[in-house]
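Next up is one chain by itself, shown in structure tokens, the form predicted alone.
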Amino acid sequence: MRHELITDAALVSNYLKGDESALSVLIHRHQQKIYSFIYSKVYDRDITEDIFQDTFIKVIRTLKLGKYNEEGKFLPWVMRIAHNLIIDHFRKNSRMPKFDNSGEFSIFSVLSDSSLDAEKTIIKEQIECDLRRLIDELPDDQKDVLMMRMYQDMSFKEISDKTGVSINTALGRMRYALINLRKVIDQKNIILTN
């Protein structure tokens, strides 16, 4: 019962002063919420367990290196670490979760996380806005194919049928759209990461 009275900040401070048990109290206090968050993204107990452990390995390393900036936000900080490790997991396994096709596409719908702070939300909105502007600069035929493929999740066969061009032409337009996007991003020195 006494553990609940000690704040996360005090526990972090005690851990940094050498009290190893303070970390186990922190882990025990937040493990259900963090574990559930990870599981809700990966739907696999083994992977969840691995990411959960990797999250706390990273927490311990960051704390020991003195790189943790205490602002009374221990749990959101740990959740962000877990969130980044989930993204790394999907990237490593080349399978980002599918985004839904209801309404307007958001490149960040796959990365949504209620614990993101206002600053990150603003950054994401800015990136999304920049990306839309870049896509608008593409020639119409390339823009149409890119929008159908990426935002409406249409196959190249479906795109071919809808636009009345061959599958190879649709593929070529998609290829040129991506090449042109990269060129503009490089020329304008735009950074599309947060």
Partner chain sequence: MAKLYSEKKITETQINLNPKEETVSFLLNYSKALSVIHCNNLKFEALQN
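Numbering follows the first chain given and starts at 1. Since the model is a prediction, treat every value here as computed from it, not as a measurement.
Keep in mind that the form predicted together with the partner chain is missing from the display, and what follows is about it.
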Pick from I57, V165, M147, I47: which has a non-hydrogen atom within 4.5 Å of the partner chain in the predicted bound form?
I57
So in the predicted bound form, is the partner chain close enough to N69 to count as touching (4.5 Å, heavy atoms)?
no
is_contact(R133, the partner chain) in the predicted bound form, heavy atom dist at most 4.5 Å:
no
Should F52 be counted as a contact of the partner chain in the predicted bound form, where contact means heavy atoms within 4.5 Å?
yes
Is there any non-hydrogen atom of C129 lying within 4.5 Å of the partner chain in the predicted bound form?
no
Taking the partner as it appears in the predicted bound form, which of 149-157, 133-141, 36-44, 165-173 has residues with heavy atoms within 4.5 Å of the partner chain?
36-44
Going through 16-37, which residues have a heavy atom within 4.5 Å of the partner chain in the predicted bound form? Please give them in sequence order.
E20, L23, S24, I27, H28, Q31, Q32, Y35, S36
